[in-house]
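Before any questions on binding or motion, here is one chain by itself as C-alpha cells, the form predicted on its own.
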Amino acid sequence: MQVKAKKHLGQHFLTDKNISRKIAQQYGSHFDCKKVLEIGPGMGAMTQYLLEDESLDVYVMEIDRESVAYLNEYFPKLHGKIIDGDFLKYNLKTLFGDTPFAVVGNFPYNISSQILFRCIEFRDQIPEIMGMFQKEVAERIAEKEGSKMYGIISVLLQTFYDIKYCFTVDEHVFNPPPKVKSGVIRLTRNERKKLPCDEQLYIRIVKACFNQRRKMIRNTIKPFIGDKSFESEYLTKRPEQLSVEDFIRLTLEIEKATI
C-alpha cells in the first residue's frame, strides 16, 4: 500500500531514510519531555525512527484518511495513538490534559506558520518543537534582529523559545520534490514564564511595527499613543533593529504612557 501525495494538503513525502533518521535524532527531550506528538506523519518516514527510542511515548496526528489507514496497517506500535484530526482545530486538552508534550513533524508548508502560532498558545505545555519547514521560513524563525528576514514570527517565537537551525534538506529527497529547499529547526522553551507587559498589547505592537517595517517606530505606534506625549529610545529605529527584550520594553513604555 502506498499513499499518493495530495497537493491540497501540501504533502511531500520524504524518501531518504538517512535524512528521516537525522531529523528524528534532533529531538532532544527538552525538560525531559517524553510525550511526543508528530503532526502530518504521512507514511511514517520520521515516525519509524522516533519509535526506535523506547523512552518516547509517540502519538501522531494526521488529517489524510489514506495516511491514517497506512499507519494503522504498518505501525502496530501506534494503535490507539493515531489521531485522525486537524492540529489547528483539535482540542489538545482531550488528548493530553495538562501533561507536557512536544510537537514534531515534517510540517505541511502551507500551514506551518499556523501550526507554530497554535503552539505558542500552548507554550507552557509544549517544551519543544522540532521539525522541517520551508527553508526560508525556518531561517526567518531562527533569525536575530538586524536582518531583513527578521519579522513577526521571529519575535513572537523567540519570546518564548530558543531556536537552533539544524541543517538544510535538498529537494530531491522528497516525492514529489518541492520547488524549494527545506530547513530543520529545533525550538526549546526558555525560562520566560510570563511577560512583564500586557501580552495581547505586545503582540499587537509587534505585528503593527512589522506590517509597516520600512517606517520608524514613532510612526507605527501612533495608534497606540494617540495625542499623549511619548519619549523612547526606539522612536527613530525600524522594527528589525529591535530585539525581543526591546519590544517588551517598548510595550511597557507604551503601557505607562497611556495609563
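Throughout, we count residues from 1 along the sequence that is shown. Worth saying up front: this structure is predicted, and the values here are computed from it rather than measured.
The same protein has a further form, the form predicted in complex with a small molecule, not shown here; the description that follows concerns it.
Engineer: Just one of 193-201, 59-67, 219-227, 29-37 has heavy atoms within 4.5 Å of the small molecule in the model of the complex; which?
Structural biologist: Single hit among the candidates: 59-67.
Engineer: Which of these residues, Pro127, Gly183, Gly151, Pro108, gets a heavy atom within 4.5 Å of the small molecule in the model of the complex?
Structural biologist: It is Pro108 that has a heavy atom within 4.5 Å of the partner.
Engineer: Report whether the minimum heavy atom distance between Ala45 and the small molecule in the model of the complex is within 4.5 Å.
Structural biologist: Ala45 belongs to the contact set for the small molecule.
Engineer: Determine whether any heavy atom of Gln11 comes within 4.5 Å of a heavy atom of the small molecule in the model of the complex, and answer yes or no.
Structural biologist: Gln11: contacts the small molecule in the model of the complex.
Engineer: Any of the heavy atoms of Gly85 lying within 4.5 Å of the small molecule in the model of the complex?
Structural biologist: Because a heavy atom of Gly85 falls inside 4.5 Å of the small molecule in the model of the complex, the answer is yes.
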